[in-house]
Ligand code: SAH
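Before any questions on binding or motion, here is one chain by itself as structure tokens, the form predicted alone.
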Amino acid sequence: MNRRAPKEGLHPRNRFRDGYDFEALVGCRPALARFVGPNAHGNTSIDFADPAAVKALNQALLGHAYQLHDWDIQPGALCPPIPGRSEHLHHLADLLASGADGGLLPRGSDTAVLDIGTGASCIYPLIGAREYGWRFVGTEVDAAACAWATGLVAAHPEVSELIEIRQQPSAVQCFKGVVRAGERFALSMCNPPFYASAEEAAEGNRRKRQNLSAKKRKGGTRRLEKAAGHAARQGAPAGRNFGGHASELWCAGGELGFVQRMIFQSAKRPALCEWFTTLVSKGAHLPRLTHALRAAEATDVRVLEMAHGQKQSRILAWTFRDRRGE
């Protein structure tokens, strides 16, 4: 089998930046073999519109790169892109190293991370514990997702002592209700829901299906048809054709409202984390968020740009260092 083409723009420490070695991946996860074949460009790949293929690839990647052999996804939950989740963690490691003596990368359980909305996949704690040995507290509103994530942790005893999952009782709180008295973290991280309501998510579904239809009329491939069809059958937004529970897809105020609440709540307890961070999917939200951080008197605000292939995303990071009384 040929190796899939390298992924442009990935972090130098990303284990997937040189592409996928499908022969090694199939050797690690034989069930992947039935999904692997030549794509339209003649390269070895899978059909990324097929959720079963993507899940099998994820299982192979996690097993081969991180020895996480018993990962599975909760039915209907979002299927996370493993290279992208790894990318996020590497940029956070660089952020922590920027304040360390000698710029050393933080490794080991002395580095505690709060993962807000860890999701059923528990993907950030699992990868972060294997890649850097960090200790994680993952929080989750949805009870079923919380139970699934707890099961994934138990299924991987090599990292289970480094990861604790806690259920967040409030959909509008980030820290209250899950953080214990006296706890401190090197950083918090979050991948917030994008949409502001179920209706907005449905509208996003409609627009994406229209876009897929337009591409089809202009000579789009059978793969685009399959993506739209599967999304319609699953009731998921087209282009997000691997499911997604309500708590993963939308929240009051959408991404902007969620992060604004996080900023306000972080200012109420500035000593909780050395760095507070979150993904921001929509770059247009940054001016309002940086304005909110100035109003909250954050002492350092950074935007960490991430680009891999055509996908652009960013991490917004802030600290209250030097004004940390609670």
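Remember, predicted model here, so these are calculated numbers, not experimental data. Sequential numbering from 1, following the sequence displayed.
Although not depicted, the form predicted together with this ligand is the subject of the following passage.
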Contact stretch among 119-127, 89-97, 105-113, 156-164 - heavy atom within 4.5 Å of this ligand in the predicted bound form | 119-127
Although this ligand is absent from this view, report whether F258 comes within 4.5 Å of it in the predicted bound form, heavy atoms only.
-> yes
Classify D142 as contacting or not contacting this ligand in the predicted bound form by the rule of any non-hydrogen atom within 4.5 angstroms, answering yes or no.
-> yes
Determine whether any heavy atom of R135 comes within 4.5 Å of a heavy atom of this ligand in the predicted bound form, and answer yes or no.
-> no
Heavy atom of S188 within 4.5 Å of this ligand in the predicted bound form | no
Heavy atom within 4.5 Å of this ligand in the predicted bound form - the one residue of G254, G76, P80, P83 that qualifies = P80
Contacts with this ligand in the predicted bound form - residues in 52-74 whose heavy atoms fall within 4.5 Å | none
